[in-house]
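What follows is one chain in structure tokens, specifically the form predicted alone.
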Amino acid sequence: MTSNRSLQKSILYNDLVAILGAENVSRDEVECQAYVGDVSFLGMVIPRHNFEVERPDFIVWPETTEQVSEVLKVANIHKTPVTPYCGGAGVQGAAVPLFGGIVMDVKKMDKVLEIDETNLKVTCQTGLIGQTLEWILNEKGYTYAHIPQSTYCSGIGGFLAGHSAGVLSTKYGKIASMVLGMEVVLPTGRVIRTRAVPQSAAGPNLNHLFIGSEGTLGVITEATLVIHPMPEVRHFRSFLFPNLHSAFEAVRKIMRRGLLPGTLRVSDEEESKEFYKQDGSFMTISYDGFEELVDLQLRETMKIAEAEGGSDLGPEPGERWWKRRFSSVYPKDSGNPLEMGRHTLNVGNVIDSAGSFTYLEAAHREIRQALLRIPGQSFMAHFSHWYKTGGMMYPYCVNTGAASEEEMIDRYFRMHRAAVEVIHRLGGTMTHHHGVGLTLRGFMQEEFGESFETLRSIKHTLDPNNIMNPGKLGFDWR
């Protein structure tokens, strides 16, 4: 006898086929299992360590905004969860479909709709892979200058939903700084579009409501982004400072001076020794643009670095890093945290906190002390996204020697509890560009304080049936 649940799933399947066609809907067990995780530690632990999770019922591949809208309308009728999926390269578990239902993979929405060279903007669908967009723009002499390490495997929608930052963010900003306008399908299926203008004072900027929302408030289907002419040159310089404090002072004065480095990376003493075989604090910096301005900025940088005790290492270390920037950056003898969840009982993650210059020094010291109290823990860090008021810390937090799967997961969350306690006490934010996902969902109330109730109210208004990526961003579980 067919159960009511089986009948409901059969009806939902045929509703989806009516919208998308049978070729764009799958209930195959192997395909559904392939969408259980992402590249987060938890996302890889779940399928590879046989943790029991509810496998999605269906994978769908819409090709138009209208199809996305119709799928969400049907999902509301059936009260079925929908997890938007765009590349699956997130590192916090935002794309893990905790409650089964429908996984909506937007990879077939991959068209560049318009390149406006006069007004320096591009409009595209959000399933487009980031590097593919970059190649298309490069052929015409432009760049959109958003180059995260996942650029070859992440899409524009994932960048927007996760509030991504690329290696050039110190000059060009995070993805939010690049957005002029977007099209969004709300959880009820209603489609809205924001005006693609440089700035507006006509009320709050709705773009920022959906950027960083991790698919909990809707599906971003199109985006209009700023583009830039390809720079004439990109020049690098590297320095070795006596310690991390002197490197921070140099960065603070570089940013205060109004210089605009494309990349600016500072390693603490542990990472400097491990990665660059240097005793002290290693810095590499680059400028891009037209040659005269780049040369001027480099000369000013060298004055500041010298005044803070920096030794000039020349351009070669930075050029080498740039060529290898898409390779794994984790130390080989400690193990790659992104590989650890696959076959071992070790654990690792990057806790990408951000705050003022004063905060960064204190947070580096105190988070390191807090984490090293955990058995089997190692810690090293670099700092790679900067502002006039501060920057972002990118520590590698690797833990080895767990005796069981349960202890492995417990250490993972213990590590984050210890770090976030320090981050919030010192006044920083617990994530700069990796997002919240499963890992940090339990700390959102602390992060937002009383204003979290406002965010929760927005979620309830836009998604009354709580179908959109439930359980993420700290919103209520189903």
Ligand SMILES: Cc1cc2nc3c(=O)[nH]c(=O)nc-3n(C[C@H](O)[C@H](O)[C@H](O)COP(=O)(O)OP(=O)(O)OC[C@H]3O[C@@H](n4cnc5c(N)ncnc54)[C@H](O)[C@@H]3O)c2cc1C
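Keep in mind the model is a prediction, meaning the values are calculated, not measured. Residue indices: 1-based, along the sequence shown.
The protein also exists as the form predicted together with the ligand; that form is not presented, and the subsequent description refers to it.
- For the marked spot (Val39, Tyr85 and Val106), a heavy atom within 4.5 Å of the ligand in the predicted complex is present in each of the three residues.
- Proximity to the ligand in the predicted complex, taken as a non-hydrogen atom within 4.5 angstroms, holds for one residue of Ala89, Val74, Leu240, Met380, which is Ala89.
- Between the options Gly218, Pro395, Gly310, Pro81, the residue in contact with the ligand in the predicted complex by a heavy atom within 4.5 angstroms is Gly218.
- The chain is drawn here without the ligand; in the predicted complex, the stretch among 230 to 238, 299 to 307, 246 to 254, 147 to 155 whose residues come within 4.5 Å of it by any heavy atom is 147 to 155.
- The closest heavy atom approach of Glu271 to the ligand in the predicted complex falls outside 4.5 Å.
- In the predicted complex, the ligand lies farther than 4.5 Å from every heavy atom of Thr284.
- Although the partner is absent from this view, Ser267 stays clear of the ligand in the predicted complex, with no non-hydrogen atom inside 4.5 angstroms.
- The ligand is not shown here, and in the predicted complex it never comes within 4.5 Å of any heavy atom of Asp288.
- Contacts between stretch 232 to 252 and the ligand, counted in the predicted complex as any heavy atom lying within 4.5 Å, involve no residue at all.
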